[in-house]
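One chain comes next, on its own, written as C-alpha cells: the form predicted on its own.
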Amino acid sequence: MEKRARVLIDCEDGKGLVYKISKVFYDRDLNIDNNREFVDKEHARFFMRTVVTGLFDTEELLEALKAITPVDAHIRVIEPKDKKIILMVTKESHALGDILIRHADAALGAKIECVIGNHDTLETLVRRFDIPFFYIPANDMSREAHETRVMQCINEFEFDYIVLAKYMRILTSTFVKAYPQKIINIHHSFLPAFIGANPYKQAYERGVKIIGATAHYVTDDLDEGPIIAQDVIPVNHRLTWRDMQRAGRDGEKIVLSRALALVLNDRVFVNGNKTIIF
C-alpha cells in the first residue's frame, strides 16, 4: 500500500547531497511531493525536508539515506499522523482556550493527552472538552519537589511535546533537560525590557508603538530558546494598557497556534539557538 512520509535531514554540508538524496528516492520509485533545503554557510550545515509518496519500507529507506550522507547526519523518516501534546497552565485562559477549540474542531493536528495546572482555575474549562485535568498545587513546596510531582504525572503519558500555555512558573534545569526540544512556550515580546507581573502597563507608560508575542523552545536560558514564531501588533496613544493587554493576548494565542502548526507538521529544525523553518 502506498505511503507518505516526511524525510528530515540535518548534516554537515557537502557537494552533491541533494542529488544523492533524490537518487535514493528515485531508485525506489518514490515521488517527491514537496522539497525544501537550506545551507547554513557559516557553520557548513545542510538541512532538507522532503515529502515523498510511494511503496517503501521505512527502516530500509532510513538505512539507504544514512549510507549516502555524512556520518553526523540526523535523519528522520516520519509517516504523518496526529502527534500527542500535554498542556501546562496557571490561570490565564486565552492560549489554552484557543488550543482547546482547535482540538475540538479537529484543526489542531494533535491529541491533547491532558492539562496540568498549578492552580485549579481552569479545570472547569478543560473538563468541558472531556480532557483530563490534573491540579498539582505548588503551595508550601520547593520548586524541585513540585516539579517532581509534575514529571510523575507527565511520564504517565506518551507525548511528543509539552506546551506551556501561559504556565507562569520558571522551570528548573532538571525539568528542561528531561525533555530536550520538547517544551514550547509563549510569552509577550517585551522581554527583557519590561519584566514583571504587568508588562503591558509598563509598556503603556513608556509609550511603546508595537506589542507582540514570541513562541520558542524552552532551554536553560530563560525565554531565550530557539524562536519558532513571532508577530507584532501596532498600537497608539488611543489604547489604554488594558486595551494593549487584550490585543497582546490575542497575539499570543495566534502566535502559539502558528508555532504549534509548524512543529506538529515537522517543519522546524533547531540549528544552535536558531531555527530553520520550512
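Think of the rigid core as the biggest set of C-alphas that the two forms share within 1.5 Å after superposition. Small disclaimer: the values here were computed from a predicted structure and weren't measured. Start at 1 with the first residue shown and count on from there.
There is another form of this protein, the form predicted together with a further copy of the same chain, and it is not shown here; the text below is about that form.
- Contact annotation for the candidate site: 37, 194 and 205 all lie close to a further copy of the same chain in the model of the complex (heavy atom within 4.5 Å).
- Residues of just one listed stretch (135-143, 161-169, 110-118, 89-97) have heavy atoms within 4.5 Å of a further copy of the same chain in the model of the complex: 89-97.
- Taking non-hydrogen atoms only, residue 18 approaches a further copy of the same chain to within 4.5 angstroms in the model of the complex.
- Using a 4.5 angstroms limit between non-hydrogen atoms, residue 83 is distant from a further copy of the same chain in the model of the complex.
- By the criterion of a heavy atom within 4.5 Å, residue 58 is excluded from the residues contacting a further copy of the same chain in the model of the complex.
- Contact check for residue 276: a heavy atom falls within 4.5 Å of a further copy of the same chain in the model of the complex.
- If you take 125-150 and check each residue for a heavy atom within 4.5 Å of a further copy of the same chain in the model of the complex, you get 125, 128, 129, 130, in sequence order.
- Remark: with the core as the superposition reference, the CA shift of residue 243 between this form and the one not shown reaches 2 Å or more.
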